[in-house]
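Starting off, we have a lone chain in the form predicted alone, written out as structure tokens.
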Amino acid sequence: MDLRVTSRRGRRGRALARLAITAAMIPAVAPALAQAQEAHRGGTMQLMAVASGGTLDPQINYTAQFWQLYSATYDGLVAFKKADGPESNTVVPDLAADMPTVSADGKTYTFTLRKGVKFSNGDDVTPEDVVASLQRIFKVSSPTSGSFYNGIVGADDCLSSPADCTLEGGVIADADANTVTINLVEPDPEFLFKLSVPHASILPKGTAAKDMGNTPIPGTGAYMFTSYDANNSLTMERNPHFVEWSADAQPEGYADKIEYKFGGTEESAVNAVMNGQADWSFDPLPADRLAELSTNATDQLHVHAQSAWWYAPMNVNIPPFNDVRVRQALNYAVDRNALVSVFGGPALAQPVCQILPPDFPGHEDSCIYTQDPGDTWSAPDMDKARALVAESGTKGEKVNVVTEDNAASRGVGTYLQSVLTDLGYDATVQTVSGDIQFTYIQNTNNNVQISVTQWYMDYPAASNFLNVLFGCGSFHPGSDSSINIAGFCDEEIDARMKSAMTLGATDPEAANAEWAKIDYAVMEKAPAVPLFTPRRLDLVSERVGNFEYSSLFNWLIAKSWVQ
């Protein structure tokens, strides 16, 4: 099977050729480029998924599925560049006219807002909207309020009493100067990254401080949500008040309308794309179709490495996984090569047995749970696993694995069920609709013992995996927004994480070395089973052009056209 990674060499060569164009030719080229863009403008993009991504609220939703849409509907003060390849990790000004002025001590950021930017309801964006939006992050208990934005002055009071959040002294608006100043308790080298993700979207100051669910909130992006039924469909149309202020931060977009239908199966979605009835599907392609597609749809396939992992968080606060020996046993028992095969083979995944993905800041090859502990995973060690289960005295207990209702997640869950059964547990699998599974497994009231889920980077820093997924500040019992699904809170490790984040402001290299040690320390406590790191395989219809891929948002839908 030849699943070819999309080459960027051709684009780079064309870019060099363009640089050779003489200044005298530029006036002739610019109109031609504008005409070419206008020629591709229009039409309706048809998207599909087995299930929706849950709430439409950008400050609450934490799914790759809807973050992909938020890139074209909402903006923050700054943004990740909407570009293909490595450039997509670059932070650029968005609603701010320029990058902020930062104080010498690294604790004060001053942003000057662009003039003339409007929300999709026609209201002007003001400094007061920015203040209200940053307060709302805490008022709605956004999943990252305690891990991304807890360093803002006044955040501690907001975390202890969300409804009363003012961020007094932390976020200050100056309407006359059209500026917003943000004060931090300590320097944070990742702060601009955190302001670039959808949870920091700037919304109208009158937006209710509650999960808006299926109700679209006005945004500033090129598109706006015009309808949403989580069980059926979603529609996006052009924002009538949008005027492109930065192609890097928020490009205008080509399609006039984007329709997203939910339901059906991965198989039916592939057939729809191949028959020209749809343009793309969010869900992983069925493994049994990959050989056929790599032969018959070569030009329609796009493969990209991802800074991500599939993992199985285990609830460390309820049996049997409140015993570290049980968590370690499952880590020893899982055959990660078998899971790679379940997902589609080595072209689409590679086994992992640690938290930080390969080629990511802070990653150092390490594998504790394998027959030959060392740098890489080799094979499961069932003898060691069975011995640990016997020591724990938990053999025979009931264990339920909660998965999403799609082929890939069900396949992984069924495999984990078989391993747990081999270890002597009474194991079952429960599938939950994809539009609610992610929030369901986060809420401690549901007593989920173990689940199958995924994590894709929000920004390129080790803390985005370790601190967000396993930090004490990310655990909120009884909440649908508790991204620390395992409920893991080790005070010593948590203090080390905070120190590593502080160290990153002055010595990033030393900080990354410390993050590698923290990765190892968390894995010793085994709050999750790392499964594999995926590659993203996108199949688009023949009528889709200009496919570009962002490290954060995946396919940049707005930058593609439909014929």
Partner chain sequence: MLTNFLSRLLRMVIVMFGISVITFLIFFATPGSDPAARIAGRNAAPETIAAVRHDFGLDRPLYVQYALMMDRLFITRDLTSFANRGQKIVPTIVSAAPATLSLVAGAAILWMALGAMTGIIAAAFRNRLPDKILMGASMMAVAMPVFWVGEMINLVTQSRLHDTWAFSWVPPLGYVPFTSDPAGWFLALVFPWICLALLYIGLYGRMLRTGIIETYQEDYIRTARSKGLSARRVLLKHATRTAIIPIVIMFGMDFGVLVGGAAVLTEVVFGINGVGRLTYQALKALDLPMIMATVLYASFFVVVANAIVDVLCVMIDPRMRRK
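Rigid core (definition): largest C-alpha set, two forms, superposition within 1.5 Å. Source: prediction; values computed, not measured. Numbering follows the first chain given and starts at 1.
The form predicted together with its partner chain is left out here; the points below concern that form.
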### Message
Tell me which stretch of 212-220, 121-129, 169-177, 486-494 has a heavy atom within 4.5 angstroms of its partner chain in the predicted complex.
### Response
212-220
### Message
Can you tell me whether Asp164 touches its partner chain? I mean in the predicted complex, with a 4.5 angstroms heavy atom cut-off.
### Response
no
### Message
My question is simply whether Asp480 lines the interface with its partner chain in the predicted complex - judged by any non-hydrogen atom within 4.5 Å.
### Response
yes
### Query
Is there a heavy atom of Ala51 lying 4.5 Å or less from a heavy atom of its partner chain in the predicted complex?
yes
### Message
Test of understanding: in the predicted complex, would Ile60 fall inside 4.5 Å of its partner chain by heavy atoms?
### Response
yes
### Task
Can you work out whether its partner chain is within 4.5 angstroms of a heavy atom in all three of Ser88, Gly151 and Glu244 in the predicted complex?
no
## Note on the structure
From Gln135, Thr403, Gln449, Ser142: within 4.5 Å of its partner chain in the predicted complex by heavy atoms is Ser142
#### Entry: Candidate from Glu292, Asp372, Glu364, Asp422 lying within 4.5 Å of its partner chain in the predicted complex - any heavy atom
Glu292
## Note on the structure
Taking its partner chain in the predicted complex and a 4.5 Å non-hydrogen atom cutoff, the residues of 215-250 making contact are Asp229, Ala230, Asn231, Asn232
### Query
Once you line up the core, how about Arg410: does its CA shift reach 2 Å between the shown form and the other one?
yes
### Task
For Val180, decide whether the Cα shift between the shown form and the other one is 2 Å or greater, given a superposition on the rigid core.
no
